[in-house]
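For reference, the chain that follows is the form predicted on its own, supplied as structure tokens.
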Amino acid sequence: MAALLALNNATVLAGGLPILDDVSIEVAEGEMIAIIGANGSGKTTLIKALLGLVSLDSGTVQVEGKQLSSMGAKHRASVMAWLPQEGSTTDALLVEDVVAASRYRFDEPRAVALEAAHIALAEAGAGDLARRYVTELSGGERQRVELATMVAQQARCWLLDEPANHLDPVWRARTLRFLDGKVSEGTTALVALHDVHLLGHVDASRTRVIGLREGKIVWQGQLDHDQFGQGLEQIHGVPFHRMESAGNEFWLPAMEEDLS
């Protein structure tokens, strides 16, 4: 059975230098993948490559064994939903309209789309924002609205680039737990993070980690793998210490005095 999404020997160049360097990954239906690495390691480019938003200098992108380029817009929207680091909506639109618009692939009356938007907003913890204008929202509020658009779109796979961006500590934890819950319901998810301790809020047993460094995959394995700490050192170049709280694992980089 073909993978839901696949990158095959993908390379993306900028100024003649690789920002994604011969990367191959396969994403199975219902899988959670955390893409981790330092800023500039290639995480965003990897996600955009899977979405077809950057051109590959070599390699291919496939969806269910077929070339991504052969898919129409509505078909793509049924498979993939995207949450970028920064929202792109700059017009003074009502939140409910923005979320309803994410359902463009459905042939349905506006009233049905709005009802689905309100349900999605409530699920994402943003129900009170429905009648606000997007331009009036804080960064954290916008991020919650973006999550609601993914819920309303009803795509099979979510690709999220730093989904805890702009959020306070409570909403960071809630967002990762919300994402983990969607995966438990059958949604496929790829989430790019540079803050690795946020992985303490997801189910380690069903989370696969792909670690990037300078555009290459340098480590991959399950989050509950006993060598995950060594993997973090390969990815970031410094040791990490394991901590535990309320039954969850958290990984923190070594203090400067430990590196001397």
Partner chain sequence: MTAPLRLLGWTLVGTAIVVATAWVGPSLAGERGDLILIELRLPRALAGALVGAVLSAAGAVVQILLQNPLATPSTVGTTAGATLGVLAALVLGSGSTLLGFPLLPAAAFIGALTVTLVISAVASRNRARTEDVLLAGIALTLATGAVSSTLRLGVDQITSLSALRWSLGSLTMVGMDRIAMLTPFVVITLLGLVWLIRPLEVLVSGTERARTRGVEVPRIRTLGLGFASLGVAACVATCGPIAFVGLICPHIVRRIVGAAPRILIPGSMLLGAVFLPLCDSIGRVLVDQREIPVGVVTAALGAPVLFWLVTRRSRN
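Residue numbers count along the first chain shown, from 1. Keep in mind that this is a model prediction, so the values were computed, not measured.
What comes next is about the form predicted in complex with its partner chain, which is not displayed.
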If we define contact as a non-hydrogen atom of the residue within 4.5 angstroms of the partner, is Leu13 a contact of its partner chain in the model of the complex? yes
Are any of the heavy atoms in Ala28 no more than 4.5 Å from a heavy atom of its partner chain in the model of the complex? no
Heavy atoms within 4.5 Å of its partner chain in the model of the complex: does Asn39 have any? no
Residue contact check: Gly52 to its partner chain in the model of the complex, 4.5 Å heavy atom: yes
Assert contact residue (its partner chain, in the model of the complex, non-hydrogen atom within 4.5 Å, options Leu129, Cys157, Ala77, Leu176) equals Ala77
Among Asp168, Glu185, Glu136, Asp107, which has any heavy atom within 4.5 Å of its partner chain in the model of the complex? Asp107
Among 176 to 184, 67 to 75, 160 to 168, 118 to 126, which stretch has residues with heavy atoms no more than 4.5 Å from its partner chain in the model of the complex? 67 to 75
Residues from 122 to 160 in contact with its partner chain (non-hydrogen atom within 4.5 Å) in the model of the complex: Tyr133, Glu146, Thr149, Gln153
